[in-house]
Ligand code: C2E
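Next up is one chain by itself, shown in structure tokens, the form predicted on its own.
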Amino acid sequence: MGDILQTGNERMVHYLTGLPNAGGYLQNISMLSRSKNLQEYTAFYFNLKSFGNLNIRYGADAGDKVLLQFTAKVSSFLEEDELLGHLGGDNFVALVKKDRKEKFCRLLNGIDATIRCDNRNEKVRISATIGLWDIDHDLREAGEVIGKPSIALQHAKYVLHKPVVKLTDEMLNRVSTQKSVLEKYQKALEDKEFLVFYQPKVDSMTNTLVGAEGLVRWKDGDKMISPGVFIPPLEQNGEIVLLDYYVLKRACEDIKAWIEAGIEPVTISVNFSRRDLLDQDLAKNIDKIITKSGIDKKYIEVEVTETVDEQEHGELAKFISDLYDMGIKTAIDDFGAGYSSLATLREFRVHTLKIDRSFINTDDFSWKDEIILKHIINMAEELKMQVVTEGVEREDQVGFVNNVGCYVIQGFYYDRPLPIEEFNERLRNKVYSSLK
């Protein structure tokens, strides 16, 4: 990378690597644009994988030395009219000519560095998660070269789970929609635009309603906004917990109204996001909401999704244990969807396992799935857990899950998620006399 593009202002460079920080990088972009057509370049935003773990294992000083080795090797790859910036931590940006972008991605796929540990050298391989944007128009503002590849990086890390992702129009549209969601969110909460629909859980042996899951819907004026649109941005910025508390309150209010109307409720399960675990008082707040509503805790079950992240696993186990001690039932959602382990059954004090739809979402049921499900259900029952299968839509699926020992079913075979008025009627007549 050419020195002619570097600024001498110390406030414009990163203290450790000496690379341009955000301000210095954008200044260099502006300088380069005077002599080069930026549409010949690809803008990169990349983040080092598991760098925090390296710092924990070897210490911050060793981590700094690895960063210096990493940036030296990346810098040596760049040509005079290409750029590299260090935004802080393990976040970097770069501008590389389009005909060299594949080589640059391969470089970032694994760079060897050396750490001195216990009087000997240890080799570590540093790789990056990459977002990139092929610049396709004259820049409206220099910040696009950071902002646009950062959108691709967010999709790489949190949506697509891929090491390299290129920015698309679909991603830009999604970000625009998410921005609109976040701008409307607080007022929508205040105006109670969010509705709770209830999807029945049915005992398939008697065709009787035995429970339901409360699912949030957003009625924005005359249109319904899909949860797939508003849930992800709320999870990313951490505001999902406000919505989850809101749904719990609404469910408690509905249960109380049913009791006062002389209708016997069923247990309602309410979802809480793993992001909610950042709230240290999550279990206490859930307990307060239920207690304040005046209903019996037996009518509420808190649903959470298992995780493979070690830190989140510990936080989730404590959260479930706290709820258990408070007399609040819990359920593990989507069990078997990812990297489920027996540790989940052993460590989590849950009341219910919800078998993921992936086991039955086929036209040809696998004998392996049958064996696995039988053993999961047997273990769960011996551990005094209830089992629910979700996503059941067909009669043959009902037969399959019944055959492996699960009889409580949630899915379109019995009912879609119902608005409160329709669910009220279902509560009054809990037996399904005719099916599709």
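These numbers come from a predicted model, not from an experiment. All residue numbers are counted from 1 along the displayed sequence.
Keep in mind that the form predicted in complex with the ligand is missing from the display, and what follows is about it.
Looking at 285-293, 240-248, 93-101, 150-158, the stretch with residues near the ligand in the predicted bound form, meaning non-hydrogen atoms within 4.5 angstroms, turns out to be 240-248. Looking at R357, you'd find a heavy atom of it within 4.5 angstroms of the ligand in the predicted bound form. Although the partner is absent from this view, V175 stays clear of the ligand in the predicted bound form, with no non-hydrogen atom inside 4.5 angstroms. Taking the partner from the other structure, the ligand in the predicted bound form has a heavy atom within 4.5 Å of a heavy atom of N271.
Although the partner is absent here, D369 sits far enough away that none of its heavy atoms falls within 4.5 Å of the ligand in the predicted bound form. Checked against the ligand in the predicted bound form, the candidates T267, Q199, T129, T71 yield a single residue with a heavy atom inside 4.5 Å, and that residue is Q199. Note on the partner interface in the predicted bound form: the residue among D322, E315, D333, E82 having a heavy atom within 4.5 angstroms of the ligand is D333. Here the marked residues S204, I420 and L427 all miss the ligand in the predicted bound form; none has a heavy atom within 4.5 angstroms. Residues of 401-417 lying near the ligand in the predicted bound form, listed in sequence order, are Q410, G411, F412, P417, the criterion being any heavy atom within 4.5 Å.
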